[in-house]
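The chain that follows stands alone, in the form predicted alone, written as structure tokens.
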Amino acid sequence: MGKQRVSYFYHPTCPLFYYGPSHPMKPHRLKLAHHLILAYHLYPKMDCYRCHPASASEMAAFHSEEYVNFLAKISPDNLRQYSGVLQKFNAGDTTDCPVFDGLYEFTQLYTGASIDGAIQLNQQQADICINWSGGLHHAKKSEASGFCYINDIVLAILELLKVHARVLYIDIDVHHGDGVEEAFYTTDRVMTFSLHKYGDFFPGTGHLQDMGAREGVGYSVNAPLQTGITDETYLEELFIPVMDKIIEVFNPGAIVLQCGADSLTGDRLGCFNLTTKGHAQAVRHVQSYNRPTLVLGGGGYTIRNVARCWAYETAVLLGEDIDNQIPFNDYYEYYAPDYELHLKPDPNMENANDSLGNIRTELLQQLCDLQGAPSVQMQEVPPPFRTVDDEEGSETTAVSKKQSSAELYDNVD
């Protein structure tokens, strides 16, 4: 496999948003990851972009206009005016999706970066696009869910489907990628593969027998796991054999990989025992298929470990070896006491996954039952340049802005 062209999307405003003092989702983790990427000098080896803010019309390609308008208007100052619809849209203080200052701008930025990445892949301007602020996989068509408001993944996949007949979505977050699966549950053009904790655990979906409906039967692939899974069992017994079969049977034109870091050992909300090396090995294996790939963030609630993971996976995607000793950066103290990049598994955590062989056998059989890669009727491919209507009705070009090395440093605060 030759050297792949990598694009990296980062907006300096994205880490500044704040869900609230007791909320486990901390956008600040994006700044920690970005500073590690800068400290390891990975940025000169990829094209770095500041994304465009997604417009309401772009979001409405999947979400209902009523829901998008609600997100655009709601704020902590006017909550009383919207008390009647907060429950309808699953937002507010009684849910896990609070209304905070700048909520809509936050969704615009992480969504715009994912759409920009999909456009670059479609136009063959990059082989891999990275957006660590994206990957918010729980949001539904008309409601927020699981800390997620706009489903940037679904919108990016819809963009990729304009050019590619088949798109594969892979989710290695500890939580089931329910919002993405639900959006494409009845189509054979998108295959979803999610490995997640199943049982008494949010969102409670992703059973082995949830395989899709109508034209999509067999194209939702779910691996329900239990507490304490390790690198070796995760990769060798399940991820690699199932992934290889998916590529053989489905033959996707493009891949979207959600790299939720809450599947790491020691996560505040997660319960797996994966290390940074094991997590990244899944990313490396997906990269080895040499397909246009959009790499996204997702969950991750022990923020120093999220930063470790995504910085290391950036290096893996670039084919770079980086030192285990974390270089000095503005957030160096977060990595005390060892100041090391890589995590060690918890030796006291029991691996409760004793039936992975059965899960693997069932998933491989599910894939064998598919009738090869589905085809679609030939359609005209969209032009390489496009415009979208902004909120004022004028036309603006939906492209990201390339950043210089100096801008990456000047704009991080």
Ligand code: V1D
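What you see is a predicted model, and the numbers here were worked out from it, not measured in a lab. For every residue, the number given is its place in the sequence shown, counted from 1.
There is another form of the same protein, the form predicted in complex with this ligand; it is not shown, and what comes next is about it.
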Going by a heavy atom distance of 4.5 Å, is Phe147 a contact of this ligand in the predicted bound form?
-> yes
Distance check, Pro12 to this ligand in the predicted bound form, heavy atom within 4.5 Å = no
Quick one: is Asp127 in contact with this ligand in the predicted bound form, heavy atoms, 4.5 Å cut-off?
-> no
Any chance Asp173 has a heavy atom within 4.5 Å of this ligand in the predicted bound form?
-> yes
Choose from 111 to 119, 76 to 84, 212 to 220, 297 to 305 the stretch whose residues reach within 4.5 Å of this ligand in the predicted bound form, heavy atoms counted.
-> 297 to 305
Triple contact flag His23, Gln258 and Asp262 to this ligand in the predicted bound form, non-hydrogen atom at 4.5 angstroms | yes
Out of Asp231, Asp96, Glu237, Glu182, which one falls within 4.5 Å of this ligand in the predicted bound form, going by heavy atoms?
-> Asp96
The one option of Phe100, Tyr104, Tyr335, Phe202 with any heavy atom within 4.5 Å of this ligand in the predicted bound form is Phe202
Select from 118 to 143 the residues with a non-hydrogen atom within 4.5 Å of this ligand in the predicted bound form and write them out in sequence order.
-> Gly135, Leu136, His137, His138
